[in-house]
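In the block that follows, a single chain appears as structure tokens, in the form predicted alone.
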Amino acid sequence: MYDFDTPAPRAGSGAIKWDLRESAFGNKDALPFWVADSDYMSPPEVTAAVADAAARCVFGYTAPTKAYREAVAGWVRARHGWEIDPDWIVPSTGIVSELSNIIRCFTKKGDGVLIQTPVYDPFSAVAESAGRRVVKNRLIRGEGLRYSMNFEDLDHKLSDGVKLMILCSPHNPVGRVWREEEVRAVAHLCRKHGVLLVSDEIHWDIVMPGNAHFTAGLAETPDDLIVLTAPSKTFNIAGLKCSNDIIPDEKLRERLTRWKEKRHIDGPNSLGAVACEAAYTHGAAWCSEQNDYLAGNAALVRKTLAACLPRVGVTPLEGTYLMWLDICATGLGSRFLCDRLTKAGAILNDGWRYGDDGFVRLNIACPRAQLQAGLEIIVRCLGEALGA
């Protein structure tokens, strides 16, 4: 059994989530539920491997080893049922920066890049900064606050000068784990319109009981697909800057590799590679226990809000550790509410940044006592705002 109840000592360590509370929000004591990393410690197997590597006292330039590639391929096979060639792996330093590289490599200024809103806001930021046109295919919020895709609109939008689509799978922030038929339908439409499908699957290991992730790698032919993965969210090692593109098509892979080489864009740092290999070699049990713990945290959120704030809707959490809370019935805007919550002592993400002002995002990847304390603040603050 692993320990997820003991908080990691993050304050004062330079952690963005904790140490930017005063400069970014004006409250240095507020509990942070915003940045998508975890507040419990990473797997002991990973920290031991990093410590062992550090003890060698050499941190020189590092290329991915055969063992590294086999560890990544082994994880993909065992966890996601996708048999990949280790040579398909293109290491990178992070999914957002790699999205920027991919957009600039495979599209030109003025081309359309399609995203499905509400969605993780850096998607639009990296496309716009490259001079590309952001095309939005809005998700449909249906019964039980569960989201689905609007395939009719997607079919139409993909035909309008779109050259690349970013699929967020599992989806941040709405928490959907897309079913096989949904992923296959997206892949089919991208192929129909000659659109490169880039599937951001950074949260693919974080799936709640009763759900199963279906990777786009099993849905599409290899010449128009890039799957982006990372151990960062799963094992709380985002600061080690290690991610992996999986590119089955040799021409696509060589084109991106050459593009990056010409710009001297390097892969992960030496300790990041060590952490990734250790996580994918020894981290399966920890990952499964974390998912069970997160499911317990999600249940606590649902139970607390149902009892104390029934006007706040809770979008079903199928994957990720990010809960999407519907505040539309309260009449409060997300920015207004988040400002009040920050002053009261809890920092959440306001939904407008993802494309929906009627929602807030709550990160539940923390010890349960911390989440309980945050929920008490949320209940008290919203109760006061609503005059309850």
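Sequential numbering from 1, following the sequence displayed. Just so you know, these numbers come straight off a predicted model, no measurement behind them.
Omitted here: the form predicted together with a small molecule. The next part is about that form.
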**Request:** Heavy atoms, 4.5 Å, the small molecule in the predicted bound form: which of 254-262, 271-279, 301-309, 116-124 makes the cut? Say which one.
**Result:** 116-124
**Request:** Would you check, heavy atoms only and a 4.5 Å threshold, whether R176 touches the small molecule in the predicted bound form?
**Result:** no
**Prompt:** P91 near the small molecule in the predicted bound form, any heavy atom under 4.5 Å?
**Reply:** no
**Message:** Given that the small molecule is not shown alongside this chain, does D200 nevertheless sit within 4.5 Å of it in the predicted bound form, heavy atom to heavy atom?
**Reply:** yes
**Message:** So in the predicted bound form, is the small molecule close enough to H213 to count as touching (4.5 Å, heavy atoms)?
**Reply:** no
**Prompt:** Is it the case that A36, C168 and K233 all touch the small molecule in the predicted bound form, with a non-hydrogen atom of each within 4.5 angstroms?
**Reply:** yes
**Message:** Counting any non-hydrogen atom inside 4.5 Å, which residue from C190, L225, I95, L240 sits next to the small molecule in the predicted bound form?
**Reply:** I95
